[in-house]
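In structure tokens, the next block holds one chain alone, the form predicted on its own.
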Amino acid sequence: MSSKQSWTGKVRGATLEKFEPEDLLPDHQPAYVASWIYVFGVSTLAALIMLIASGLYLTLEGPAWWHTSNVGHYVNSVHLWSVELFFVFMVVHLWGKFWMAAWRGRRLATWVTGCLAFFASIITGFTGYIIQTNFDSQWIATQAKDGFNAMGIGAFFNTLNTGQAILLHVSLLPLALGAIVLWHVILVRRKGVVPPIEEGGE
């Protein structure tokens, strides 16, 4: 069996062989990338890295240790503000690309993966709120319970089950979000940064 007929050969042909080194690790960008609107994509990635790092630290000693630890308070605050900045940067990035019609030039998949990352982030953020193990999380969980039951999905996701929410927030949802973000970045590298409409848009 030739390598092209095996699944590994097909995956390589569909991914790595389509990328030039200049696409994956560019050393220059078009002049229009100097605009501030292009900064918010990488700012979103930087905030994501910070919130993942602080989140991993918070998992080391369980879901409640940060309530009674000065270090825990600090790390939890870093995690909170990383999330806040992540959403601010992502929303600005999303709206900026919307008004630039960023799906031009066969970039529809790039736009779709960006939207998917936004919705996945909302769900991940929601599970983060209900695992704070404080009054805020209890209030949010009890209020959300009725909404989830009304939608008919309360049997699958019980907001009052802290263990289930922790599992989703710490493992499943970050993995899904990370995969979508990675796919999005690869597509950006593959298709290039979308030019402004006045640049002769594609």
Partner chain sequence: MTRKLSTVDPSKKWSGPVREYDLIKELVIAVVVVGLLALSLAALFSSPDQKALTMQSWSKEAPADFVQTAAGELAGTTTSASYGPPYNHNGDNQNIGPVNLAKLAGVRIPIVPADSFVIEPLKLQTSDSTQAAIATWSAASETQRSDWANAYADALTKDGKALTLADPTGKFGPTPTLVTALYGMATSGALDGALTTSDSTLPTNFTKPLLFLADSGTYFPDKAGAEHLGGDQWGVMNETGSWPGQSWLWLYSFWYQIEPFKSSGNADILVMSLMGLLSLGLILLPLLPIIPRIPYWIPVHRLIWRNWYRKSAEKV
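What you see is a predicted model, and the numbers here were worked out from it, not measured in a lab. Residue numbers count along the first chain shown, from 1.
What comes next is about the form predicted together with its partner chain, which is not displayed.
None of A47, L168, L177, L58 but one reaches within 4.5 angstroms of its partner chain in the predicted bound form through a heavy atom, and that residue is A47. When contacts are judged by a 4.5 Å heavy atom cut-off, I52 does not count as touching its partner chain in the predicted bound form. Among residues of the shown chain, L187 is not one whose heavy atoms approach its partner chain to within 4.5 Å in the predicted bound form. Contact annotation for L172: none of its heavy atoms lies within 4.5 Å of its partner chain in the predicted bound form. When its partner chain is considered in the predicted bound form, L94 lines it closely, a heavy atom lying within 4.5 Å. Shown without its partner, the chain has H73, Y74, N76, S77, V78, L80, W81, S82, V83, E84, L85, F87, F89, L94, G96, F98, W99, M100, A101, W103, R104, G105, R106, R107 in segment 69-107 as residues with a non-hydrogen atom within 4.5 angstroms of its partner chain in the predicted bound form.
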